[in-house]
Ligand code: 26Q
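Here's a solo chain for you in structure tokens, the form predicted alone.
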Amino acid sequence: MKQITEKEAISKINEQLEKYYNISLKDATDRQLFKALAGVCIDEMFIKRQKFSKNCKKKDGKAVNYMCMEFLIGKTLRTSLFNLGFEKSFGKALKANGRDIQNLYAIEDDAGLGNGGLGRLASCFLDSLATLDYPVTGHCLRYDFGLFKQKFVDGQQTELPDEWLGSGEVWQIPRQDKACRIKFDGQINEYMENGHMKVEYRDCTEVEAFPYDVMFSGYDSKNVAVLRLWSARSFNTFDTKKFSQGEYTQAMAEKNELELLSKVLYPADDHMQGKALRLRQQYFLVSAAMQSIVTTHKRRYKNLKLLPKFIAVHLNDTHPVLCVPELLRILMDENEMSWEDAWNIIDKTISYTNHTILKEALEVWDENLVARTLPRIYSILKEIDRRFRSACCELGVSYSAVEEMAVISNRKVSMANLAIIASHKVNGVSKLHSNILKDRIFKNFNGMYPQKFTNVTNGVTHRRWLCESNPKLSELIESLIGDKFIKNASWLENLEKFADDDSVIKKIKNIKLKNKEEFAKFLYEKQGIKIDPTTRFDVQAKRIHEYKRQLLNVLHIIYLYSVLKENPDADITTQTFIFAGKAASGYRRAKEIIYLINQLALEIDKDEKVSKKLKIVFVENYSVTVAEKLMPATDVSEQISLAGQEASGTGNMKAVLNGALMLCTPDGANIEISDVCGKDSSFMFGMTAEDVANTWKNNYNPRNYYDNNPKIKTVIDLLSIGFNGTSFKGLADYLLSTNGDFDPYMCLADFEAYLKACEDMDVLYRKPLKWHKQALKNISKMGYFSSDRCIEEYAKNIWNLQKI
């Protein structure tokens, strides 16, 4: 990849500083320099984007529109510089002038556009699509506030506003030319005119969708991906008469209410107002995106029946599934297309990725809420449901199966069912997950549409999660096998030939220690907590949820604590347990688990003898930036969800790519990582998905484990007594209960197997060269789990895209 010179880098920086601030580099503040570097990247990407778009139009290229309610992009400056080939030159140029580029990276906030794996996957996909020269536009809301900033007060999670736009606005290009109007509420009147049905809206609320484009360059490619962020704006800023009379609050009320649509990521939905706002957010996004797509296509190609030839629309989970009725509405109401022609376009254009088997995440909406909020969309949904039921009747499908698959049933509207009916392809995100979808969750659909279901195992962009996040390891790899792995992750396989080279293994070991030292320094600066980088870092970093079983991890730590209390000289590996992740603000159980972890940490810290062996830390406000520091420092990655519950996971991929070994259950992509890397690559334990089903069938009884396993009894009893003056009897009762408020993820059933896997892990860890040799072998096999491979599979098997 061609690099610019340091002299050219200085020239580009000064050009930006003179244009915007009328100053030179020596007089610029770090914040001015940050904006100057962002300006350099934007100008370069704009030129690339123009050239690529012209070439795409010339070749009649098909583009994918990736629909997702979140894109967890993290910070943008470093990735932009890296992918453009500017980072090294700009870093050296700034250093020669007494400035540190790391200080500029620190200025930028993580974009508040996402929360977890769903949004991070979408961001990795944008990077890969751009790098592989596939045309793409992502669509998301431009949230004023992210989910929340997590702060611990007396050990309990507190939610603070996530204000990110101060540094994030620099990347956003306003697109007034793409703005459109969206209607909510009111009533509709449907009537026929000249053979076409017309729809008249009355007393509806209108809001403007105003887009901002953010560009992302591919690495060593000609392409730039665009993420279009839609912001809600009121047409009537305020009531002038009321304002002039001093009624300021009332004058601004309408504006504030409408602009709530893009105010915050995932508003709480444990009340009707929150549910209504989420529904409006989802429709706002899909209506804006579909209007933009259709308008652009009509301008370029005139004929809407050609839409599937030039456009693919991909639904990332159920949140954007209202794309289906909205596109039907636009084609029929605004372009006088027949239902049959419009549905034919839908069927060829839309595809859907399912990300979960959890019932709570397979969205359903109250039928009355949909009818009241989106009257025209509701009438279209009823017609889709009617036609689907009619088709089922002709095929002789049973009544119970029809009700299970219907779009509208029992006064509920099912988004997952709608997505499957309308999509030409439906995929899961790991082999296990996809099989569960076909064989269990959507078994009836698979019987009707077996050709629809497929699998694309998730991946991560190794450029960000290895090359950028772990430069020491990346530089070592480059010195051993060259730099081809940056563009082509499968090139990592060449590393395996160094597995018996002790000098290389020692370098891997030393790099891990340096990364742990850097993370320890970061944690102390961030939270004032000291950790010993020579201890083993055992990490569980992910959203706090019962099915991810942070609680099982804590039970293990309590067991170790009990052993050391009885015998401080017990042969237990000295280790630091690191937790990171947020609990949804209304998720009581998850927040209780966070409190338990923090109280147990304090209890251990107070014990002079136990604390020599064990340490617990909970990293506040987990984010992409924190993960970029934590993953390279991880020795053990805990992936311990109940088998069959985690669709895929991508934290497992990031950790192993950075030289960690997994302590894992046979769930999600853990299975495939172990298959690809070899059975010795991880410490797998516990029930399989089939075992889980059989255990439930035979009536899981946690009391049997408590009564017959002294270790479990000790742990549960300590939980009831509590830590740092707080009893956690509620959690103890939850783990032992067989009905009502009980543990559906069966922590106690896997507890003994978990302890055995930890013992096996200890044996290998005490042989450092063998441990790090296995880490190197794992890294060499992780090319398969690059998001580049995912995108090639989507492009070929689902979207029918060609590289430009």
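Owing to the predicted nature of the structure, the values given are computational and were not obtained by experimental measurement. Position 1 is the first residue in the sequence shown; the rest follow in order.
The discussion below concerns the form predicted together with this ligand, not included here.
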Partner proximity in the predicted bound form: residue 401 to this ligand, non-hydrogen atom cutoff 4.5 Å = no
Quick one: does residue 622 come within 4.5 Å of this ligand in the predicted bound form, counting heavy atoms only?
-> no
With a 4.5 Å heavy atom cut-off, would you call residue 272 a contact of this ligand in the predicted bound form?
-> yes
Should residue 109 be classed as touching this ligand in the predicted bound form when contacts are defined as heavy atoms within 4.5 Å?
-> no
Picking from 373, 115, 167, 234, the single residue whose non-hydrogen atoms come within 4.5 angstroms of this ligand in the predicted bound form is 115
Could you tell me which one of 711, 613, 278, 472 places a heavy atom within 4.5 Å of this ligand in the predicted bound form?
-> 278
Within 4.5 Å of this ligand in the predicted bound form, do 319, 355 and 429 each have at least one heavy atom?
-> yes
This ligand in the predicted bound form: contacting segment from 711 to 719, 510 to 518, 646 to 654, 291 to 299, heavy atom within 4.5 Å = 646 to 654
Though the partner is not shown here, which residues of 380 to 419 have a heavy atom within 4.5 Å of this ligand in the predicted bound form?
-> none
